[in-house]
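In the block that follows, a single chain appears as structure tokens, in the form predicted alone.
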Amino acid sequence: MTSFAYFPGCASEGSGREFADTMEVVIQALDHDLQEIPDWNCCGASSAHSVSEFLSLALPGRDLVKAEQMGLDVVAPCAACYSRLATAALELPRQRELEGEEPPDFRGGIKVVHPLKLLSTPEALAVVGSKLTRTLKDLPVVTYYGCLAVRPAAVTGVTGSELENPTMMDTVLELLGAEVIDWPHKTSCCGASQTLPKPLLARNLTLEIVDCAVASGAEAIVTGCPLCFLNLELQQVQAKTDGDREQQHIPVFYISELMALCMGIGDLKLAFENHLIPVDGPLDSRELTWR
């Protein structure tokens, strides 16, 4: 069993609750122990770095110091949280002063890990394969990583073709029996951080992604980021409400939800009921096969 310091992030208690709950049970099913960072605070995503360099490093830095005291690498499910924590872990050991203030004393003794890396190792895939109770039966899906899970390379450590064509979720979904469709928007920005200041920009970016997913023949979009998930759902629903679209085009799933579904763990009924776009279409119509 491997232990990690767990940073839930602010979305885990609100808009990203389904992701946090299912990701936690899946990671634990893979024999990892998640120890929540005591008294953790907001990492500042996605606004602090646009206001103050000090805040952009001090907020996640405080969490990193606590994790370093625990002696454990950090797992942060939210891509925005992961990006801010990983950036701080890279920058803080180099900084002595920021905007006249002394930054948190993080020494760089631990790493920040994206959960998708934990889910897609050969060891993890072997465990998932041994625990499958049903499969997705060739469900056609596209994987959406967003712009922060793999970039920038200096922060994430992702290199080569994985920067533009990541395969972590693809590998997992193929194991679950899904048909993963190749498409050009895996790492495109959906504009989630611009939803309030520039709502039209966020809508246009998101609906371009949705339209491409539909045109590719996918019946669902699968993501691993609560901000992307909310934006992909909300912009479709809002476009219909505003009369810009006649219907929502396509349901959105968290990768952890589909893993929990196929492994027979977690409270999926509650999770799926909280989706803004009903998921019964691709799930019920496929009559998912039981093992």
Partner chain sequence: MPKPTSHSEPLSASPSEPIPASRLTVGSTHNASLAACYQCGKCSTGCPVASMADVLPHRIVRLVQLGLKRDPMGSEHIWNCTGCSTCSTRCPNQVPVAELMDHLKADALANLIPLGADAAKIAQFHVLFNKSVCKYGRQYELGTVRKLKSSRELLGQFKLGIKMLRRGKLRLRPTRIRDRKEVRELFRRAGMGK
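Numbering follows the first chain given and starts at 1. Nothing here was measured: the structure is a model prediction, and the numbers come from that model.
There is also a form predicted together with the partner chain; it is not shown, and the following applies to it.
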Judged by heavy atoms and a 4.5 Å cut-off, are S3, K131 and T167 together in contact with the partner chain in the predicted bound form?
no
Taking the shortest heavy atom distance, is E18 within 4.5 Å of the partner chain in the predicted bound form?
yes
Given that the partner is absent here, does L163 sit within 4.5 Å of the partner chain in the predicted bound form, heavy atoms only?
yes
4.5 angstroms heavy atom contact with the partner chain in the predicted bound form for S47
yes
4.5 angstroms heavy atom contact with the partner chain in the predicted bound form for Q95:
yes
Between M259, C228, L57, A67, only one gets a heavy atom within 4.5 angstroms of the partner chain in the predicted bound form; which residue is that?
L57
Looking at L136, A192, V74, L116, which is the one with a non-hydrogen atom within 4.5 Å of the partner chain in the predicted bound form?
A192
Tell me which stretch of 116 to 124, 214 to 222, 142 to 150, 168 to 176 has a heavy atom within 4.5 angstroms of the partner chain in the predicted bound form.
142 to 150
Pick out the residues of 192 to 207 whose heavy atoms come within 4.5 Å of the partner chain in the predicted bound form.
A192, S193, Q194, T195, L196, P197, K198, P199, L201, L205
